[in-house]
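Single chain ahead, written as structure tokens, the form predicted on its own.
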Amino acid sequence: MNVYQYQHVMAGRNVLPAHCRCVDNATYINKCSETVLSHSGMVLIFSWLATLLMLLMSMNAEAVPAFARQTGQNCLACHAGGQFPELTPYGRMFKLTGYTIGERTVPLSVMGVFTANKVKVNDPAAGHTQDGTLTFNTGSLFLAGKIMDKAGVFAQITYNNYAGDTGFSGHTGSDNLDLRYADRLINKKTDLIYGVTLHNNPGVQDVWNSAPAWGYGVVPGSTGTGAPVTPMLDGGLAQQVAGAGAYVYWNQSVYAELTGYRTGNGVFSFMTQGNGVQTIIKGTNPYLRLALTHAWGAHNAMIGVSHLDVQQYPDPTNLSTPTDRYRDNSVDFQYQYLLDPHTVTATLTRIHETVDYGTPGALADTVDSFRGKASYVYKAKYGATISYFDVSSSLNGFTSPTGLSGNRGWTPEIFWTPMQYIRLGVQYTLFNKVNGVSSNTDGAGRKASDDNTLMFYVWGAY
């Protein structure tokens, strides 16, 4: 596995499930380990759920995450149909104005996710990382809220229970971080929001769920695309860099942002701690974002474009070598319909990446990613989503068992939100293609459908 492939897999841990890994040069497909729900495991599941539900139901109305406590609003105000992390127009305004709406309160929240995965046909070479029952996957501590009248923060520290290929030796690391200062000018003709942001993941600062950081595979432990390589904008620099940017939002119609990313070390190392091999990029690397938005009645829509230009050292221990250059261009779209009791959200994201290697004579690579997602929520309790993914590469910088490239599939999901503190869901990822084919995906007779993965999860926050 070459450095380009390795760094994309290591840095893109938000795209791939925490319990998947690159196997070896011949069979590098990310496989999820098999998890079988035993009878005793099911008993534990329902016992735990019953206890948790009774505990949450006994809490008063103020026992909600930090932002809701700060604004005094129900989670539905910020999250479409209560489906965190999807934002409503109000939620987007809250984020753009620096998390400052409302009064300062205790800025701490916690989140925990329990998952159980079962792969259709387990690949023994992929290792075993779960014990066959509903298992604690990740837990997060949030420092989130208003710091002063014009400044606020969203900072997440996450404990990942799957640090190795076998057993449970967890680790804690810096997760998504977004520190903002913002102001708003309003008169009869103009509504202008402007601000600056310091964050550690390209896209985490975005307020639309068509950004990969918030839009696709956001449930910890979900299968995602299973692709060995994804574009930089699709998690390639997550929690590896420090980005400082400025943005404006004019008349709730035009959004523009310019951000520069540097290696998250030295004074910025607190933004990248505990996240494995450090990605080293050269100098300041630009990111540009432009979006047009429109709202009418219960509808709102956005269409946007983004560009990211990154120069990365292929060997982070040797900075005397030429850098590889990654240029990502994306087009994305989001539509929402919000009128009680119905909530509809649809997103589309297309990313094209060109990779020019610093090694003399090396052929350029391309990576293409297309994702789509549609969701429906009824009465902010019962919901369903369907997601589509298609990720491929030109294969010049690495090899595959088939000599082809491309992971393609669907993820249907149903979920239930019995209260604003907790969500229960089941999703099933179906692979149509792995390594560009539907059969003999590993050169040893494995079918793409053998990677199909069923996941049950419990996602709670307080």
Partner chain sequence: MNTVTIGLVLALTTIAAGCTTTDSSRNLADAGVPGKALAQQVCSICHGADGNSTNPTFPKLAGQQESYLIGQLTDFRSHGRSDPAGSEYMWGISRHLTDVQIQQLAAYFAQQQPIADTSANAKLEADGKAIFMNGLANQNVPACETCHGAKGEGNASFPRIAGQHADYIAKQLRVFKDTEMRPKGAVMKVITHDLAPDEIQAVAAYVSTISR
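Positions refer to the first chain, counted from 1. Here the structure is a predicted model, which means the values were calculated and not measured.
What comes next is about the form predicted in complex with its partner chain, which is not displayed.
Its partner chain in the model of the complex comes within 4.5 Å of a heavy atom belonging to Q70. Although the partner is absent here, L76 sits close enough that one of its heavy atoms falls within 4.5 Å of its partner chain in the model of the complex.
Contact annotation: N187 falls within 4.5 Å of its partner chain in the model of the complex, judged by heavy atom distances. For the chain shown alone, F136 is not a contact residue for its partner chain in the model of the complex, no non-hydrogen atom being within 4.5 angstroms. Partner proximity in the model of the complex, defined as non-hydrogen atoms within 4.5 angstroms of its partner chain, places exactly one of 325-333, 297-305, 229-237, 354-362 at the interface: 297-305. The putative spot formed by V110, T158 and E257 is not touched by its partner chain in the model of the complex; no residue has a non-hydrogen atom within 4.5 angstroms of it.
Between its partner chain and the residues L338, I386, L141, A144, the one pair within 4.5 Å by heavy atoms in the model of the complex involves L338. For the options G245, G102, G173, P314, the one in contact with its partner chain in the model of the complex, meaning a heavy atom within 4.5 Å, is G102.
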